[in-house]
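One chain follows as structure tokens, the form predicted on its own.
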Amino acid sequence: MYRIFSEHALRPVTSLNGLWNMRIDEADYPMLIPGVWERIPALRDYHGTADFTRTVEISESGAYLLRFGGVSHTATVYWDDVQVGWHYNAFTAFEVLLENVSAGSHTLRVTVDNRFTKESLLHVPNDYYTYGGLNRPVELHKLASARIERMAFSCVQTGEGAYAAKVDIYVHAVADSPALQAKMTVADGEAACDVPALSAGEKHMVTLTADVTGVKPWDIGQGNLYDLTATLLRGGEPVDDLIDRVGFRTIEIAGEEIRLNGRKIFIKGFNRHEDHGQFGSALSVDAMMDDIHLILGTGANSIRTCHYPNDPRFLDLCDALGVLVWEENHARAIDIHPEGFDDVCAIVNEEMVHQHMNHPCIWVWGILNECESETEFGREVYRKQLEQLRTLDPTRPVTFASCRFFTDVCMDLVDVASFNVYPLWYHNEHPAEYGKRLTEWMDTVGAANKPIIFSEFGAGAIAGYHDPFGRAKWSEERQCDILREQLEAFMGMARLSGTYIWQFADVRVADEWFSIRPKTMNNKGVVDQFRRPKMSYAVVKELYNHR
């Protein structure tokens, strides 16, 4: 399933997960989807193209929708050898509309490309690995003449357990559609309105509002969720539906404070990549849940989805367990100058927000990790993208993680000011002294009266390498020492509103990074790539649980 729950009670949906055939250079490999080809030993280092193929049985002629949760990184979609779709970026979903499909057997083929080229502006040799495959679920939807494309939910608290709920419902006419009625229910609230007749391909948005009472707020450790159901009706008969799970909660920035449901909170978080020693970037839901349990076991309350939008099933789990999430677009320390960069980022930003904005766990949107925020050119890029996020979703704060120490010129553009810092790892200044010096400077360049977060800090350790006497760098003992000093200093700073440790688990990096990453891994995890805890896990657990 694309989510951990059923999104439709009315619309017929068929999972296309399971066994596909993958062909590379005339060689055939059976592949389980979701999956990446690096799980096959002979293809562990393969960068290129592959054809993924399966047969799809259609029992009833009509309009259908192919829904891909994610393909890494570029997908060209063929239906019976005719190209019907194309999408770039591994970490957002996309759809392909098939308007007139006949009953019978059909061939679905997806050509996948994970090469680094001048066109792959966001996928470059980086400090994480670009896998190849259909890394998230695939579905086939049978459509009526009109469908609900998506919903956008927001709420305002009006009293104890009472909220005003607002839902924008986006209707798409697959074929010529007569006038319809749209109905929405959530908790004890409901509303309805008319939808005008639409021509094939036309789209229309309606807004419904309802007062709800007696609901439990979504909060840290309290994933109180409610089904939000939208239905299209014709003459009182349902035509299409869409179901989501939402939470009632408020996020606000009040001076230097981050407030959840009206109270000040302190973020205790981890950075986490979608990467696993066994599954690559195509983690099972069980593996996602194991990660969350390990993270919560330290006393953490938040996860940063470095450095791209995450699988919605992972966000569903964070919704259900009451875990705060910083989600960000796909860009890490890359060249922001090439022609087309702005356009690619704008598409990713829109897809990220449209697809994920109903998740109550997401408390902040981030962009452009460690990019060129010290230049005037970079400032304009940051300004445009932050404005776009605020337009797409005015209900959440925005931020970015900077590493432009004492030179950044974009701190005034954000709602939350964030820096990636590595004292005692990349330099020897004491964390308390460095943190004080950096935050005092930040306050002079736009961060004054805003929350400040240290969005990355940590130290590397090769799992199993011990040096209890010399405590050399890359030993588990030295990682413990550095993380302890960093955490004790940062969590004692009144000026900070939160911390995100780099990182939860060791991850594979691009081969081009071999010279500065032992084992071609980013080894700063508190667990290894197979989730075996290092000594530092206990240090974080001790300190996070005491805050």
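Just count from 1 along the sequence shown to find any residue number. This one's a predicted model, so the numbers in the text were calculated from it and none came from an experiment.
The form predicted together with a small molecule is left out here; the points below concern that form.
S.K.: Would residue 426 count as touching the small molecule in the predicted complex under a 4.5 Å heavy atom rule?
M.R.: The answer is yes: residue 426 has a heavy atom within 4.5 Å of the small molecule.
S.K.: Is residue 497 close to the small molecule in the predicted complex, meaning a heavy atom pair under 4.5 Å apart or at it?
M.R.: No, residue 497 is distant from the partner.
S.K.: Looking at the partner-bound form in the predicted complex, is residue 183 within 4.5 Å of the small molecule by any heavy atom?
M.R.: Contact with the small molecule, no.
S.K.: Check whether residue 64 has any heavy atom within 4.5 Å of a heavy atom of the small molecule in the predicted complex, and answer yes or no.
M.R.: The answer is no: residue 64 has no heavy atom within 4.5 Å of the small molecule.
S.K.: Every residue in 307, 370 and 517 with a non-hydrogen atom within 4.5 Å of the small molecule in the predicted complex?
M.R.: The answer is yes; 307, 370 and 517 each reach the small molecule.
S.K.: Choose one stretch from 342 to 350, 416 to 424, 109 to 117, 164 to 172: the one whose residues place a heavy atom within 4.5 angstroms of the small molecule in the predicted complex.
M.R.: Careful reading of the contacts points to 416 to 424.
S.K.: Tell me, which of 139, 319, 456, 275 has a heavy atom within 4.5 angstroms of the small molecule in the predicted complex?
M.R.: Looking at the other structure, the residue within range turns out to be 456.
S.K.: Taking 4.5 Å between heavy atoms as the contact cutoff, choose which of 68, 37, 502, 490 touches the small molecule in the predicted complex.
M.R.: Of the listed residues, the single hit is 502.
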